[in-house]
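In structure tokens, one chain follows: the form predicted on its own.
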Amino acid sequence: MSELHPSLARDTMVLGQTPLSRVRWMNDRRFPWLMLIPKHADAVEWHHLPTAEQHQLLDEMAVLARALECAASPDKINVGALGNRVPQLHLHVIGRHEHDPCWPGPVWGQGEVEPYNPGEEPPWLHALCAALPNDFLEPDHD
């Protein structure tokens, strides 16, 4: 497994892993926010992955988006792979609500992060896990 970029390690918490990706949640209570991080150290862009893994990453994103939709009832789900500050390939899956502090604009670089307290988890996390297929996630021991 490739090293996790220090910013991703600092800003996100482990949820699990798939055969292709680490699955983590953003430590910011303002948004239900997940990340898929493929385990390829050399992948900077989605198209750097082998074709089958490009498709697998999109499938994983769709599974997470459906589960997040069930768990957090967002008005919109934003998906993005910017990588302007963190070159390691990672895909954001963010539930947006019309009442969130950045609506309707982007979340990146907006306002102050509101981290959870140590040991605290997002209120939507258990519902998300329950909405995922049983075989989707494996433990990730980062």
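One rule holds for the numbers: they count along the sequence shown, beginning at 1. This structure is a prediction, so every number in the text was calculated from the model and none was measured.
Omitted from view is the form predicted together with a further copy of the same chain, to which the following refers.
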query: in the model of the complex, do H48, V79 and G105 all reach within 4.5 Å of a further copy of the same chain through at least one heavy atom apiece?
result: yes
D59: touches a further copy of the same chain in the model of the complex, heavy atom cutoff 4.5 angstroms: yes
- request: Using the partner position in the model of the complex, report whether N84 sits within 4.5 Å of a further copy of the same chain, counting heavy atoms only.
  value: yes
message: Considering non-hydrogen atoms and a 4.5 Å limit, does a further copy of the same chain approach Q54 in the model of the complex?
response: yes
message: Whether D28 contacts a further copy of the same chain in the model of the complex should be assessed with a 4.5 Å heavy atom distance threshold; does it?
response: no
